[in-house]
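As structure tokens, one chain now follows by itself in the form predicted on its own.
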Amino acid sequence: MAKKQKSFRPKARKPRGFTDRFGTEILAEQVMFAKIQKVYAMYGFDPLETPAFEFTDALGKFLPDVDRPGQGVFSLQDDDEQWMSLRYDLTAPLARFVAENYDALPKPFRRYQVGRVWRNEKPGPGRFREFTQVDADIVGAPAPFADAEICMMFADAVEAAGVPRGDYVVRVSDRKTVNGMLEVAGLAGDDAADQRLGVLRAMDKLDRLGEAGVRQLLGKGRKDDSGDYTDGVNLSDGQADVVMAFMAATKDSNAATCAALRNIVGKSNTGLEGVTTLERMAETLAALSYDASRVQIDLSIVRGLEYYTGPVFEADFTFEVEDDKGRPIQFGSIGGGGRYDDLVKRFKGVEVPAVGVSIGVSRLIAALQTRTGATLIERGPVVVLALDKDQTPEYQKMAAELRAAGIRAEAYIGGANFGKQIKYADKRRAPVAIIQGEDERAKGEVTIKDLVLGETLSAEITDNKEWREDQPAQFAVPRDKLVEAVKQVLAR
């Protein structure tokens, strides 16, 4: 007798660097998206959607892993043998869209976009191969006024998302001022390209290593606490002095920073052009009450300088948070952006000025939850319990009345007992449970169970007798007052 072959059953698993998301986590993110998009729309930006796939050659050299050009993306070959890649950001598709529709678009062109992006990189803690970006860009407007407006909108969006003023700062620098500083330091030629890259990498470590550590990296090198040695850039003392003075030029006011910067890079025409841009930005920001406490010119900012052509900026949290063991938690930047005047040029052959910003919503939500100690996850629906099967139409009618009043609600249809239905409501993070058994029905009433208040009180009341006798989180109302009572509970 032939042996029966076993049917193949694939193992339920997901690829590394990708994650499943469900329910309230997505709803909380959507609420955050809506808050940010509302700010973008108020500034006159329109939404845009682009395909997940772009032709690989359209993505260009601006890949996430700059040491592996042409890699870092997920690619496949179409049936016509053309290579396509999943987009790694929302900016490269924007450049393609603008070039393809250039004559029909209003200039400046303002667009915002919320979309998933994919990066074929090694995953790690907090580092995913798929995530969502929230971008806004102005194409067709030169510096400095478009850049100042993006910075103001960036600050407004962060505040609208729930970060109080004073708990963040948008930091601004300029690619041209950095180039001017490098020229003054004698690092302008092609033979100094490696040193320039080393200087930028050292500057980017200022927050972590401090001035002394950066100074060592600019010189012979640095040995860390573990004994590992990092080779330095081998600048002379005079060259290192210029770099350190540049980073130390950040003052309490933007005007003072610009004045100090002008003294440092004044011998470079490129540097002076960058200073002038920052001065005009500072004047605009000050006139609209965005002082250095909200948008600060900070010359320690080094952000993808091979990508950007002018002002660059990022927003950082200014508050400190510790984990359960008292160790500081580093959230990194909320997001950032800058000016990239060369990106559309790849398609058009002429320079098209552009500036934009991208906000990291996942990091924003995580930081706010840690800061406040409260969850930002949205509550689930009001759940109408179904204690008697023959009353199911009535329970569904209650849920329909709540929905008609704009309240998210559902009637339980699982056929479980009371205890399991309450557990279901808890798992759904329901704010309220509606109960109507025989006793309530005979009186023409329903019982409102405030699950949020009950959760709070359960942590405070330790006496079982007190809990049974005093039920402030549960009360009865006439059946025709159901919607009004639920609204009152949700309002608090």
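Between two forms, the rigid core is defined as the largest C-alpha subset superposing within 1.5 Å. Don't overthink the numbering: it's just position in the shown sequence, from 1. Keep in mind the model is a prediction, meaning the values are calculated, not measured.
Just so you know, the form predicted together with a further copy of the same chain exists too; it's not on screen, but the next bit is about it.
Within 4.5 Å of a further copy of the same chain in the predicted bound form: all of L206, F319 and A485, by heavy atom? Looking in the predicted bound form, the three residues L206, F319 and A485 all stay beyond 4.5 Å of a further copy of the same chain (heavy atoms).
Segment that reaches a further copy of the same chain in the predicted bound form - one of 412 to 420, 230 to 238, 357 to 365, 166 to 174, heavy atoms within 4.5 Å: Within 4.5 Å of the partner lies stretch 412 to 420.
Answer yes if any heavy atom of T447 is within 4.5 Å of a heavy atom of a further copy of the same chain in the predicted bound form; otherwise answer no. Answer no; every heavy atom of T447 is more than 4.5 Å from a further copy of the same chain in the predicted bound form.
Contact flag, R327 vs a further copy of the same chain in the predicted bound form, heavy atom cut 4.5 Å: Because no heavy atom of R327 falls inside 4.5 Å of a further copy of the same chain in the predicted bound form, the answer is no.
Mark T370 yes when one of its heavy atoms lies within 4.5 Å of a heavy atom of a further copy of the same chain in the predicted bound form, and no otherwise. Flag for T370 set to no.
Taking a further copy of the same chain as it sits in the predicted bound form, is G349 in contact with it (heavy atom to heavy atom, 4.5 Å or less)? Flag for G349 set to yes.
Report the residue, out of F246, Y112, Y88, Y308, that has at least one non-hydrogen atom within 4.5 angstroms of a further copy of the same chain in the predicted bound form. After the contact test, the surviving option is Y112.
Ok, L197, L105, A188, A255: which has a heavy atom sitting within 4.5 Å of a further copy of the same chain in the predicted bound form? Among L197, L105, A188, A255, a heavy atom within 4.5 Å of a further copy of the same chain in the predicted bound form occurs only for L105.
Which residues in 380 to 400 have a heavy atom within 4.5 Å of a further copy of the same chain in the predicted bound form? P381, K389, D390, T392, P393, Q396, K397, A400, in sequence order.
Relative to the superposed rigid core, does G415 relocate between the shown form and the other one - that is, does its Cα move 2 Å or more? After core superposition, the C-alpha of G415 moves 2 Å or more between the shown form and the other one.
Rigid core superposed, CA of E394 - does it shift 2 Å or more between the shown form and the other one? E394 C-alpha, core-superposed: shift of 2 Å or more.
Align on the rigid core first; then say whether the Cα of K427 has moved by at least 2 Å between the shown form and the other one. After core superposition, the displacement of the K427 C-alpha between the shown form and the other one reaches the 2 Å mark, so yes.
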